[in-house]
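What follows is one chain in structure tokens, specifically the form predicted on its own.
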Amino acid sequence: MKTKLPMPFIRIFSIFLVVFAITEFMTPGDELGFSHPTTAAFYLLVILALVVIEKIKQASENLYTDHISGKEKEAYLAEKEASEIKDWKGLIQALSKTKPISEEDDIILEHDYDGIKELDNDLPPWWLYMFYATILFAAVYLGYYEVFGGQSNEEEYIEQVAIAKAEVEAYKKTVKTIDLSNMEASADAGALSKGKKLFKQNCAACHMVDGRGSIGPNLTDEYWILGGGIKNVYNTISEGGRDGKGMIAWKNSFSPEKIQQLANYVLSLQGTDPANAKAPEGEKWTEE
């Protein structure tokens, strides 16, 4: 009972399918909404089918060997092993197209060096087909771009930039933008809670948790170095304090929404009068 399926080929093919499936799972969907996981699932189903085929084959062989014994069983197992070796050798032979040792006398070249002789084997089919594929690709590439006026890299780049700009503009219309011209202080509990969390994580080291000031100025009094009010406080947090000795600019670390939450929380500290507060700095701020 010889194997009917080229099992070495099936196993190698399964390995490639596994690689393709993993690649598809790790690749995001494209702009058309094509689902790469769907393709990966298809590969896995094919692999599963191949595994089922091999398992059925093995089960049938086991069932057959269970009903035979003695020399008949030994002969069958020896024949099976020889068949599997032949399958692998046949696969390697098909990929390399080398002559068997018994036929090497026909392809030995005339010259030799120190008893070393050279065989005139044909090029491996896999290499030859890849070479033909590169020629075909080059012809198609040349025809598309040079003969039929295909889109160049520069034109494609310009087109993609225009598409990206349109997508950005469409996105801006769907999100709330922060505009200093009409910004107002807010006492929203949810926003203040988020601002308090940001303050403790990033500002308390210089201003202390209660805002009484340490390295940085006191934030609970009426005096401000760069101006008070929601607009000035927002701008100070965003752009940073005085050059060379003030606070860093946080605009590269926080989104405008988070800076707004932080500014509102800082303003909520006004008048809390914590113990051991730092002396006032700057000028007294009066809201217009």
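Because the structure is a prediction, the values reported are computed rather than measured. One rule holds for the numbers: they count along the sequence shown, beginning at 1.
A second form of this protein, the form predicted together with heme C (HEC), is not displayed here; the remarks below concern that form.
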Checklist entry - With the cut-off set at 4.5 Å between non-hydrogen atoms, does Pro256 touch heme C (HEC) in the predicted complex? => result no
Next on the checklist: Can you tell me whether Pro217 touches heme C (HEC)? I mean in the predicted complex, with a 4.5 angstroms heavy atom cut-off.
Outcome noted: yes
Next on the checklist: Although the partner isn't part of this model, could you tell me whether Ser96 comes within 4.5 Å of heme C (HEC) in the predicted complex, counting any heavy atom of the residue?
Outcome noted: no
Checklist entry - Using heavy atoms and a 4.5 Å limit, would one call Met247 a contact residue for heme C (HEC) in the predicted complex? => result yes
Checklist entry - Within 181 to 209, which residues have a heavy atom closer than or equal to 4.5 Å from heme C (HEC) in the predicted complex? => result Phe199, Asn202, Cys203, Cys206, His207
